[in-house]
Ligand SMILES: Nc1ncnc2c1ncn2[C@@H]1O[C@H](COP(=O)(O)OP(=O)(O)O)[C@@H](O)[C@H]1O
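Only one chain is included here, represented as structure tokens and corresponding to the form predicted on its own.
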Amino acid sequence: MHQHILKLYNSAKKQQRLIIGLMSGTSLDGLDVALCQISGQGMETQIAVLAFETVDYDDDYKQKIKKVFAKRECDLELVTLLHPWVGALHGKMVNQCLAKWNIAADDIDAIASHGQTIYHCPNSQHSHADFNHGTLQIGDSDHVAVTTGITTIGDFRQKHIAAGGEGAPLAVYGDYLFFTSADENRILLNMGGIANLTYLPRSADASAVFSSDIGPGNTIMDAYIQRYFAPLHYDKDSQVAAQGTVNQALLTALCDNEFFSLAFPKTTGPEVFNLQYLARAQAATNTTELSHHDIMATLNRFSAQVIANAINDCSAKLDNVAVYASGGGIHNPLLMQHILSLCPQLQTINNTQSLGIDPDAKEAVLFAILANECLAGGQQRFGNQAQGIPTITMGKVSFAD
């Protein structure tokens, strides 16, 4: 048997594996690297996060990615060159973490690599009748594998689309395996650039589980801060938004998008919710002269409104509902305050730390779970999702040489 196939076979037989989950979100702040000790599979999955690091991206990375990020037209040569470059860079970042943690590459069973999304395009967002859903992540997993010497599993979103889904959100599988509770109905809320949620009924009925994008989380706010408050990259502690006043006319225009009326599950991205979207809403409401602080206050309330609407829709007619949040949005106090005020059925919004997972590490951990299920051959079907996606084939396996 070939040595790589043998190693894969031996990893698949293990009751406990060391898997590194990688996540690079649309906020472009850094690469989340989570070292996970995972035992079992399926509903018996147990996870311990042994180490976690967000390796910050420098301005060079951000500027290179922004040249192709969420753009219908861009330099194809640059996209082609960035694909291996990002993969190798992510591999080097993993090596840096392993050195810092004093862990040998040979001790790691696999890396789960999300890559860097540069364009997301479900059929609800394009007008091409001959095509269905599409999404594109760069950061070639072969380059991650060769750079680190560790078997790497990637291209998760492509497999989801091939099986009939929209390629996002992919949180549902890991959320279901790790966070389902018989004691309460749970909503796992993640607020990155785009906000998404997973609904987990306490019945553990997989046919009732779903995961869906909600709309903008931090994406427009971050873009606005980066344009008008450079060198800031985000509104730290809501300091800018807290100084402004919400403009109701602009808020109403921002909320007027057919995406919000679509049934769950659904997906979207910065291709739709961006500074151009804001500019059109301002032009339509004669609010182009608003102060930067008022615009940020309105954008903050906009994100909170669409997130709260989704939570309220999910929790309607249910008792004993708990929301557990993760992602960068949890560090925005005004956003969290708005969401809670708009969800009268909630007394509080916890974060996933109370469930044993660092809220900043959660997305990277979920990809590690996908890789574990890929190795273990797990399979689960969910209602209102792409049906019958066997995770033994979820993702592309890349060997180290």
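We number the residues from 1 along the sequence you see. Worth saying up front: this structure is predicted, and the values here are computed from it rather than measured.
This next part talks about the form predicted in complex with the named molecule, which is not shown.
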Open item on the list: Looking at heavy atoms inside 4.5 Å, which stretch does the named molecule contact in the predicted complex, given the options 90 to 98, 192 to 200, 72 to 80, 178 to 186?
Closed with: 192 to 200
- [ ] Using heavy atoms and a 4.5 Å cut-off, decide whether 64, 117 and 142 all contact the named molecule in the predicted complex.
- [x] no
Open item on the list: Under a 4.5 angstroms heavy atom criterion, identify the one residue in 234, 85, 277, 260 near the named molecule in the predicted complex.
Closed with: 234
Task: Sole residue of 268, 152, 218, 211 within 4.5 Å of the named molecule in the predicted complex, by heavy atom - done: 218
- [ ] Using a 4.5 Å heavy atom cut-off, state whether residue 126 contacts the named molecule in the predicted complex.
- [x] no
Open item on the list: Residue-level question: is residue 332 within 4.5 Å of the named molecule in the predicted complex, judged on heavy atoms?
Closed with: yes
Task: residue 351, heavy atom within 4.5 angstroms of the named molecule in the predicted complex - done: no
Task: Contact label in the predicted complex: residue 363 to the named molecule, heavy atom within 4.5 Å - done: yes
